[in-house]
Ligand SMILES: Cc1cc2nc3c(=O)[nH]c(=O)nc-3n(C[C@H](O)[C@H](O)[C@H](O)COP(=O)(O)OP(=O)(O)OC[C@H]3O[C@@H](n4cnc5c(N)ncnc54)[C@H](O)[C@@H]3O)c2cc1C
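Given next, in structure tokens, is a single chain: the form predicted on its own.
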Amino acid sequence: MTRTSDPYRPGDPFELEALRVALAGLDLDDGEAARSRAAADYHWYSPVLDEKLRGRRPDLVVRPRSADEVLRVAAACARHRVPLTVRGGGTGNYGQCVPLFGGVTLDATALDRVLAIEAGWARVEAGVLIHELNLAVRASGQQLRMWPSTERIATLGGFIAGGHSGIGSIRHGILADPGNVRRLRVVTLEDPPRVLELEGADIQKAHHAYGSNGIVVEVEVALAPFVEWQHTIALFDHYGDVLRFGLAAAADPALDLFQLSAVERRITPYYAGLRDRLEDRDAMFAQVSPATLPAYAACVTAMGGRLVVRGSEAELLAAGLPSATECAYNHTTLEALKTDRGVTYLQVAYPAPLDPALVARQMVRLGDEVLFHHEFSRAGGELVAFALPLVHYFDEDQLHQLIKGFEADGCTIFDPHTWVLEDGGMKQVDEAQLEFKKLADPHGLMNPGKVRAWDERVLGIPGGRL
């Protein structure tokens, strides 16, 4: 095959056999099971993505064990024009690690070394599991500032490439807030590849880019002093009371909080092992510092609630109860799907400050079609709230109509039913990310089909097509 300087176009043939030769000696696997595992993530939460991405797999899986091996993979893919998709723990919800047009999947999970732990920060390889990193830094009296509800199986690099916020965001903001991620080391897809260092605002060029513009191999992430957070459940008679309590607690400087997750009573039966404790009431799941737990409990009582569960994560697990982490964010969706495959979800950001009366009107309007669950967070220093409501799914048109309704209420939808980067987020092109893709992936080989602006502006083809 004649090598060309033209960028890869989805569906172009590629030199897979030549790539195998170039990667001889690395951990390669083209077995059916390995290829299927490499394309598996949590996009099946969406019945739309589950149908449209079904059967899409890599032709080959490579598992590098060092940054030097990553450089070999990057050079070979660029030389032979083979598309490349990077995956970590496979906990993404939008098909980020599903290769739309075959090629190679780079499994980053063997890049798992903790390279340095210092006061306030750690430097690690991108494939380290977040839970293992938290255990490693705990010996120094520290912890990560935030983590996803999938902390036990997610990689740090995957969280940065596909995530937004998580447990801890009520205290430390979202991933994109300055200081939470201190530095990224990124390998370009060129022959020969370059190694680029991103710091400060430049980190956003690769953050939440779905691994479409460079291979993140190393991360320097901020740490905070370790706290043995107390996992709590407070019950209230009305969901509006839960939301008003959340606003009051989040604004109270006397309370040190790491999580505030509001869940209405129609969802709580999905939590296995908690049905008796939740008593068919609306609930606030929270993580609170031991020092401020008495003040938190007093606030719960003052606002008409009852604290029915409290204890460290270890104490709850020993008692056969899930941690508060496992009742938050998209873990709520997972718990529902374990027993009811007829539900899916949306992601709804509310105007700040959250108006509980707006939520009450939505609950009346939508009835049993939509079940509500809100997360309290900070972004750019501002208290915000967003929902991951469960939806009793009928068809794709239903989702479009629900989205229009939320948008008419002044909410912003982060659509979890699309694989296209821009369509799922702010519905606009991130110009800095696009320019960085031109620099770090000039042949357009990384996760092709996921970046609408690349397809439309660079290739001149319709974006968002399979």
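On a predicted model such as this, the values are computed, not experimentally measured, just so you know. The first residue of the shown sequence is 1; numbering continues from there.
Same protein, other form: the form predicted in complex with the ligand, not shown, and the subject of what follows.
At least one heavy atom of G166 is located within 4.5 Å of the ligand in the predicted complex. The ligand in the predicted complex is approached by N93, whose closest heavy atom lies within 4.5 angstroms of it. Although the partner is absent here, L257 is not a contact residue: none of its heavy atoms lies within 4.5 angstroms of the ligand in the predicted complex.
Among heavy atoms of R81, none comes within 4.5 Å of the ligand in the predicted complex.
Contact annotation: of the candidates A283, A74, A324, V86, the single residue with a non-hydrogen atom within 4.5 angstroms of the ligand in the predicted complex is V86. Of the listed positions (A176, L334, M303, A295), a single one reaches within 4.5 angstroms of the ligand by any non-hydrogen atom in the predicted complex, namely L334.
Heavy atoms of every residue among Y45, G211 and G214 are located within 4.5 Å of the ligand in the predicted complex. Exactly one of the stretches 306 to 314, 152 to 160, 245 to 253, 286 to 294 approaches the ligand in the predicted complex with heavy atoms within 4.5 Å, and it is 152 to 160.
In the predicted complex, the ligand lies within 4.5 angstroms of at least one heavy atom of each of the following residues of 111 to 149: A126, P148, S149, in sequence order.
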